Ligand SMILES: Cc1cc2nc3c(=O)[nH]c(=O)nc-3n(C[C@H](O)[C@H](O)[C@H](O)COP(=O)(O)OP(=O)(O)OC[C@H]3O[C@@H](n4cnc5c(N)ncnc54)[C@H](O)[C@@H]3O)c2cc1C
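Only one chain is shown below, in structure tokens, and it's the form predicted alone.
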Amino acid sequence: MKKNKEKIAIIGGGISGIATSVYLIEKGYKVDIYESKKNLGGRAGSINKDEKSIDIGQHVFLPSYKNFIEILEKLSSTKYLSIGKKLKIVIQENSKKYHLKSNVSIYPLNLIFSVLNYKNLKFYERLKIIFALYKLSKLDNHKSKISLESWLKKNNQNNEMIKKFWEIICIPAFNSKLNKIPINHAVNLFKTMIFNYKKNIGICFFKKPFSEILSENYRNYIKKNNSNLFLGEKIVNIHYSKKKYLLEGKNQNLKYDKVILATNISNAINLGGLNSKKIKLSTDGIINIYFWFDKKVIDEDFISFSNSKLEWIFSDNKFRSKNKEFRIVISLSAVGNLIKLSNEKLISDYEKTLRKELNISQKTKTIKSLLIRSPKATQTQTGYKDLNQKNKKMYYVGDWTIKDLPNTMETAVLSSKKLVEKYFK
């Protein structure tokens, strides 16, 4: 491996910043990574509560997220994954449970049989969903500006099919309502998740908080490769002079040949000099509500809901430490104005709904609760066609830089891979 003598700074210790550092190190660069928080992960990070790390949200993904899993492999972190090898989603409506699952392991039969077995819809509706999935898989470079919802309705998907199938899959995947998802984004994500993967897919979990998984392994990786990680170091200004960048931090000022901003859009504008007038920014929030009960309340690892205020809930049964607390996480996507309600009201309302939906006895006590809101969990921008086309050796990376895919952990890593392959030879 050749050695590259350029000094490179990466600002942001989220998934894209971490992935960028790994790809650059593999090309022989030494890098300095700056993260303003005390832990790694960015929007996929954790908070500290009662001396324990708790993920900001329930991080789930698919085995088809090959670039993201590849980074975890490079950081020796796959031992902390629970990788679902078969599609099995429990969907509850009016206290009755249905299943999207298939025991067939051959693509596309696994997808077809999972839909055919989904008895929450009439048989002819299931056939129409299969046909719509087939048509979606054949769309290529779709130029239409219509939404996914409009496309579905044009392709014989009625309200029941949209509510009981498409919304359950797409709203959490995109963190957006179907009428706001461009059809080309939907095509690209379904190809990434399912159509181009052509293998079994199941829901994948982390066995412990994501930032804990990253922390020790990533620190060791950085140290081993003669690079530096600065946690709790906020960069407040960047100056360009004499073909060098001066980074002004809270504790130190250092010069670099190149700078990579692996931040959100707001910080990219503030630090990187992007013209805010050129950017049309849209965001949406995610709310996660945690409840700890003194008894086990579900047997499943997760349940999705149709016709309910609940969307998805997750348990820690599989990975729970040996204590008397059983945790349930309610995950709410594309929350809109719900983000403005108080913690007290949201916790109270959703505990009542959770108890009703799961038929939780009043004898089962709530030990504690916690609400984590992420007002700008997803960020999309229009205006710049290629953020890195004209630059003075300053680059932008992150899931928001790829316009044709939604914000996901896979997109974050993909943006890093594309940046390094194109601009760092």
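Remember, predicted model here, so these are calculated numbers, not experimental data. From 1 onward, residues are counted along the sequence shown.
Missing here is the form predicted together with the named molecule; even so, the following discussion is about that form.
- Note that among 153 to 161, 105 to 113, 261 to 269, 132 to 140, the stretch whose heavy atoms approach the named molecule to within 4.5 Å in the model of the complex is 261 to 269.
- Of the listed positions (286, 328, 354, 170), a single one reaches within 4.5 angstroms of the named molecule by any non-hydrogen atom in the model of the complex, namely 286.
- Contact annotation: of the candidates 214, 313, 235, 71, the single residue with a non-hydrogen atom within 4.5 angstroms of the named molecule in the model of the complex is 235.
- In the model of the complex, the named molecule lies within 4.5 Å of some heavy atom of residue 16.
- A residue is said to contact a partner when one of its heavy atoms sits within 4.5 Å of a partner heavy atom; residue 409 meets this definition for the named molecule in the model of the complex.
- Not displayed here, the named molecule is kept clear of residue 67 by more than 4.5 Å at the level of heavy atoms in the model of the complex.
- The named molecule is not drawn, but in the model of the complex it has a heavy atom within 4.5 Å of residue 58.
- Shown without its partner, the chain has 11, 12, 13, 14, 15, 16, 17, 34, 35, 36, 37, 41, 42, 43, 44 in segment 7 to 46 as residues with a non-hydrogen atom within 4.5 angstroms of the named molecule in the model of the complex.
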